[in-house]
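First, one chain by itself: the form predicted on its own, in structure tokens.
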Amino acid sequence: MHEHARRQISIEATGLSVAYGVRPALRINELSARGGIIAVIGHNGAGKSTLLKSVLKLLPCSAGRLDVFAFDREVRQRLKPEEHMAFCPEGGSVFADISVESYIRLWCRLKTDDPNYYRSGGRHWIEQLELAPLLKKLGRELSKGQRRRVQTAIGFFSRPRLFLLDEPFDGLDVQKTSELAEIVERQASSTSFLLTSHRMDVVERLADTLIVLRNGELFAVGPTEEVCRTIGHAGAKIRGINNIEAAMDALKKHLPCAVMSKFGSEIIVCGKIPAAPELLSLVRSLTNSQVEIEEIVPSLVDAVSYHLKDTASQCLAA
């Protein structure tokens, strides 16, 4: 549950098809996803970046429609990429042979008609993203995470209604990841976000709506907890085991498709697992101990691990 009201958008698609040349990359018959922070998740090559670029009209639709609407007192407004959206691509895109400050000045001129905007109205973002030490560096001297921070600040300069972030946490350390996540959370009251990420722990913290893509098609969409049930099926927490390592080895032999993890003195199991009574009997027979079973909603980390494992096994079977 997210405490503060978020600026809502709705992503809607009908009969959508997007291709790279003759190769289909994304096919969605029907999509309606509404939220303040919407995350697009899936395996590598699932179509996540393609969906973002299609929203931005950087990739034309081969067929169908894809629209984004914002809501102001429940009145819908269609958002236009050139007027209402900002984008931070996966690698960041800072020109290699000019200074960061020159690059920022260029974007300030394009976005605000004032090359010095970053010193006045945009100063907040220079400080928030700690860019002052980078201003004199050349683009080629920046790490991936630093390039992304520069591009994120530039995106905020235009005060977008929708900010699209492609893998925003890739290349960031734990502290910078937490700081950027906090910025996104704070800004969600005035800016909506559409992001892709492989960092399921951060996605679970931020997103109120998930879009799951699989092999270029829509697999699931909805609130985070609902999607966790859809792609992770069932979850269970097992307590009271004396020898956890031995128990996990035994359980893996009986439940080879499940995802298991150790959390302190407990075992977390996720996937197409037996119902609680049957699972309880199985664990007791394997461990010879009086364990307890609690049914839980799988975490997004576990649900996606199971989903990717299931996707890989189906690809191999095909």
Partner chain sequence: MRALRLVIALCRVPRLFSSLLLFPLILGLVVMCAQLLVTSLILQAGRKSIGPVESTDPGREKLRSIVSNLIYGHETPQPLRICRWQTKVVDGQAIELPPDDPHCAPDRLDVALKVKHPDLFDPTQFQLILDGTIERLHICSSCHPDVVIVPGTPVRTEVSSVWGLLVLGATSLNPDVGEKLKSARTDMRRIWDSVGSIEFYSSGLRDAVKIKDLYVTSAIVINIAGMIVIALWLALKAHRRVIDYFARSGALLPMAAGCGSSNFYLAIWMLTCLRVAAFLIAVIPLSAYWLYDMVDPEQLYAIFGSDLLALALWIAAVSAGLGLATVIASIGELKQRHFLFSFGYRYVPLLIAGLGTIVWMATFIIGTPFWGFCRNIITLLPVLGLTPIIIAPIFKPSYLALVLHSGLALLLLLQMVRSNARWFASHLEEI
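Numbering follows the first chain given and starts at 1. On a predicted model such as this, the values are computed, not experimentally measured, just so you know.
Although not depicted, the form predicted in complex with the partner chain is the subject of the following passage.
- In the predicted bound form, no residue of the candidate spot (L79, E182 and A220) has a heavy atom lying within 4.5 Å of the partner chain.
- Residue G92 is the only one of G122, P160, G235, G92 with a heavy atom lying within 4.5 Å of the partner chain in the predicted bound form.
- This chain is displayed alone, yet in the predicted bound form one of Y103, F193, F169, Y118 has a heavy atom within 4.5 Å of the partner chain; that residue is Y103.
- Exactly one of the stretches 255-263, 33-41, 283-291, 54-62 approaches the partner chain in the predicted bound form with heavy atoms within 4.5 Å, and it is 54-62.
- In the predicted bound form, none of the heavy atoms of T209 sits within 4.5 Å of a heavy atom of the partner chain.
- None of the heavy atoms of A246 is located within 4.5 Å of the partner chain in the predicted bound form.
- Proximity of Q151 to the partner chain in the predicted bound form: non-hydrogen atoms within 4.5 Å are present.
- Among residues of the shown chain, E74 is not one whose heavy atoms approach the partner chain to within 4.5 Å in the predicted bound form.
- Within 4.5 angstroms of the partner chain in the predicted bound form, the stretch 113-129 places a non-hydrogen atom from D113 alone.
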